[in-house]
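Consider the single chain below, provided in structure tokens and representing the form predicted alone.
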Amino acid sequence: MDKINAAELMSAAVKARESAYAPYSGFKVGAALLCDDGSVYTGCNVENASYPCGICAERTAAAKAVSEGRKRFTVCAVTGSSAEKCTPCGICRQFLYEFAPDMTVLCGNKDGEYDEVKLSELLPRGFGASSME
């Protein structure tokens, strides 16, 4: 990571978690997505009474990045509000895989501890645009 280190990216995810809207699950998640140009996009989970239509923190950050013309992701930090280290859900894994199957994912907990893993390890043999060619 060139312009931002892992601890700074995780800190941005923790700050994003503070904005989460999770009245149903009580599980707040924040994410910070580093793009190849050094820009960082953050997101939080936003739940809804129509439970399946909520959005996860990782997809919020990615949608913000894509809407600003960024599609080359290098690192995603994700942190939850529990002692267990938070990993992206299946939908988020596939969503991120579309853009960067080899990106690094920092999986953190409420105490700021995190593990580093490749997205391709979290979603081996994921489906992407190149699969459709």
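No experiment lies behind these values; they were computed from the predicted model shown. When you see a residue number, it is the position in the sequence shown, counting from 1.
A second form of this protein, the form predicted together with a small molecule, is not displayed here; the remarks below concern that form.
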query: Which of 65-73, 33-41, 101-109, 51-59 lines the interface with the small molecule in the predicted bound form (heavy atom within 4.5 Å); finding: 51-59
query: 4.5 Å heavy atom contact, residue 87 and the small molecule in the predicted bound form; finding: yes
query: Residue 120 within 4.5 Å of the small molecule in the predicted bound form, heavy atoms; finding: no
query: Proximity of residue 95 to the small molecule in the predicted bound form, heavy atoms at 4.5 Å; finding: no
query: 4.5 angstroms heavy atom contact with the small molecule in the predicted bound form for residue 19; finding: no
